[in-house]
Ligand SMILES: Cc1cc2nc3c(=O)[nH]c(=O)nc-3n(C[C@H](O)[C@H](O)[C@H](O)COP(=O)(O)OP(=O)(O)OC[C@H]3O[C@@H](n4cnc5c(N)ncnc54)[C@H](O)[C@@H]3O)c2cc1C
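Given next, in structure tokens, is a single chain: the form predicted alone.
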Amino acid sequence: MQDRHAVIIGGGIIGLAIAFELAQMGGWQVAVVERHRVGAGTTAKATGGIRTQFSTEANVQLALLGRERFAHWQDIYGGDPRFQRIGYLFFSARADQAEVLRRGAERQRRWGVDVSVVEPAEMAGLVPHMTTEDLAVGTFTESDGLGDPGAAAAALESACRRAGVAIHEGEDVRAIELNGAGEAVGVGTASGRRLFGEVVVVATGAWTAPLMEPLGFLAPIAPHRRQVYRTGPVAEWPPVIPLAVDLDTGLYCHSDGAAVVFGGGDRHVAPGFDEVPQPADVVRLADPLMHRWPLLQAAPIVQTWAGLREMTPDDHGLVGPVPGHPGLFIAAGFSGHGFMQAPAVGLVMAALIAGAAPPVDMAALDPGRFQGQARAKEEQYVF
């Protein structure tokens, strides 16, 4: 029996995870096509959070499976994603938000999340130098943490190459090719190259909608700019704290050795593909940052970078077959959760492509869901 061929468009961590799992199944010749260097796009700009606190079961189950794979990364893929279980803390000063967090923690525990409700005094112990007197409540997951997106992508690239995946860099896919029956048969690139496959997977993140539009599939994925800041060394700052998120302002913060990385609060930035860093934008975060962590008042900002989040209307990815086009699949629109969910998405997509049952129920991420009844929205844990 001859091998089947799959072409995966996009060499970020999602595309690489799918390629690896498909190649591991046997019976497939897999190619990844990336317009730049693999892992150098959105993946390289991510901050690396790995968390399981979400308001919908679909996102929780993907995150739990993803975290498990990160914890056993070396055995599965080789290499080291530098996963640290530093914990994840969400908190709020609002009484109404506090009740939502408490109810959310109850649901998450039913779904298998090791989450605890923490009061202000406990938060002060978890995150030194944080102002907690005005807070209402927090929720904490000790087993969550932080990984290194660059290291994870590099390890996955090596794993893919060992598994026989062909990686084509510097090839910008301009068209997905269909036959007369609307079935996917391959892709064409800007250089005139054509790659053929019975299966084509679109894993192009924020750039997905323009690629899919000529096929008549309107992928509701919008690019939204997100900016991140790193300070210089801060005296007395602990080298490890939980990744802390203020749900009232969107501000998040975590240690980077003696330095601090922070950002957030930009969820409602207008859609666009601008990734040029704008250091002056830090003014928007100055008041909430100084209030919550007064120790950072004199901290110099030494680095600013920006990337794109691929946002959908319900903050869930589009994962699975594209309606009306046999052989065409999509894995995009993860709304800031792509890095942490990537290992799980690789398993899910390989199963779907092979016609097997995926390890996680994918109904909430059905690519055709926006053409029918609205589904659950990720409402609480977005920042």
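From a predicted model like this one, the values you see are computed outputs, not experimental measurements. The numbering used is simple: start at 1 and walk along the sequence shown.
Another form exists, predicted together with this ligand; not displayed. Remarks below refer to it.
Heavy atoms of every residue among Ile14, Glu310 and Phe334 are located within 4.5 Å of this ligand in the predicted bound form.
Contact between Thr42 and this ligand in the predicted bound form is found at the 4.5 Å heavy atom cutoff. For the chain shown alone, Val199 is not a contact residue for this ligand in the predicted bound form, no non-hydrogen atom being within 4.5 angstroms. Although the partner is absent here, Trp207 is a contact residue: one of its heavy atoms lies within 4.5 angstroms of this ligand in the predicted bound form.
Remark: Glu122 does not count among the residues lining this ligand in the predicted bound form, judged by a heavy atom distance of 4.5 Å or less. Stretch 29-37 is the contacting one of 346-354, 55-63, 319-327, 29-37, since its residues have non-hydrogen atoms within 4.5 Å of this ligand in the predicted bound form. Only one of Asp172, Asp256, Glu99, Asp281 lies close to this ligand in the predicted bound form, with a heavy atom inside 4.5 Å, and it is Asp172.
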